[in-house]
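What follows is a single chain, given as structure tokens, in the form predicted alone.
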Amino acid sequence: MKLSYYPGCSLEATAKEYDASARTVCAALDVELADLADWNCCGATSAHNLNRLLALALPARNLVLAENAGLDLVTPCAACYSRLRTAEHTLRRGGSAARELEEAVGAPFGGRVTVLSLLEAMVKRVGLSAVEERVKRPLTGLKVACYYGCLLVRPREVTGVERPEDPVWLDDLMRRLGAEVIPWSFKTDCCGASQAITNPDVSRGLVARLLARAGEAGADALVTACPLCQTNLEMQRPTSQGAPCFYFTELMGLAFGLDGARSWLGRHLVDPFGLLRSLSLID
């Protein structure tokens, strides 16, 4: 399987471990990621607050590039996924909005490319059985709260997710890796990442509540598919909260026994090694 790969800005900065683990895990599953040539920022999260057309044109240009490459477009970042899917949705609906967007980009959209989140690609394209077959070191004993955040599954008419208030893709994936998935009611609540700079008190309050609820539910750690959520959950947490937050690709790499897991996890602000060693999940 070959897909165009859109890393987005975060994966080249604060979330390099997400990028590295995503590429390594995909290679292990025979998923070839072809970097989208000449890609530009998708505009998340500020453009849609400032200029409606610019917020659509920025991701739409990337869709045209992917279409020219002849491959569906996958992105690990939930914020990038939201903007790319919104542009795709607008273009597929046609009408004056689509025409205005194509004029801004300077190229027509033929509808021959589909945007996927990397989590979606793992579940729907690779398949959970293929993932499970690759597991060499099950994540036995690791209790995780799956955290989707607010951009990966909503709005339903754009993402097409059947259960936007109670998604299960990440839950199912973690179970196939051998982890214990803890039920909780906050998997799609916002963490306030977009407010972290302008209104840090708001962000810190939301993060504290999420971590407290995950702990009350019995989770040892959180797992996410969003680089903004992961960074926010680590940077804005109370000092009393020590539960690590993993990218799902890191846990896949750990369960697959792939080289690189130690270097990915070493970039975290919250040390995850104590927990993993206590469960004999890392040497």
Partner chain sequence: MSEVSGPLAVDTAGRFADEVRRRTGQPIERCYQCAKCASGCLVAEYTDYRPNQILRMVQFGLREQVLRSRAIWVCSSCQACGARCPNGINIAAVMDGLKEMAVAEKLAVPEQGPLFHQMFMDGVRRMGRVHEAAVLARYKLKTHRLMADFGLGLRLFRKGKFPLLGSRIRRQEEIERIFSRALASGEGVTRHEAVLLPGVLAGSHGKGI
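Numbering follows the first chain given and starts at 1. Keep in mind that what you see is a predicted model, and the values were worked out from it rather than measured.
We do not show the form predicted together with the partner chain, though everything after this point is about it.
S.K.: Answer for Gly205 alone: is it within 4.5 Å of the partner chain in the predicted bound form, judged on heavy atom distances?
M.R.: Yes.
S.K.: Taking heavy atoms and a 4.5 Å cut-off, does Asp259 contact the partner chain in the predicted bound form?
M.R.: Although the partner chain is absent here, Asp259 would stay clear of it in the predicted bound form, with no heavy atoms inside 4.5 Å.
S.K.: Test of understanding: in the predicted bound form, would Ser10 fall inside 4.5 Å of the partner chain by heavy atoms?
M.R.: The answer is yes: Ser10 has a heavy atom within 4.5 Å of the partner chain.
S.K.: Is there a heavy atom of Asp19 lying 4.5 Å or less from a heavy atom of the partner chain in the predicted bound form?
M.R.: Contact with the partner chain, no.
S.K.: Heavy atom within 4.5 Å of the partner chain in the predicted bound form: which of Glu180, Asp172, Asp189, Asp72?
M.R.: Of Glu180, Asp172, Asp189, Asp72, the residue with a heavy atom within 4.5 Å of the partner chain in the predicted bound form is Asp189.
S.K.: Which residue, Leu128, Ala104, Ala212, Ala97, has a heavy atom that falls within 4.5 Å of the partner chain in the predicted bound form?
M.R.: It is Ala104 that has a heavy atom within 4.5 Å of the partner.
S.K.: Please identify, from 108-116, 172-180, 194-202, 131-139, the stretch that has a heavy atom within 4.5 Å of the partner chain in the predicted bound form.
M.R.: Within 4.5 Å of the partner lies stretch 194-202.
S.K.: Can you name the residues of 157-171 that have a heavy atom within 4.5 Å of the partner chain in the predicted bound form?
M.R.: Contacts from 157-171: just Glu165.
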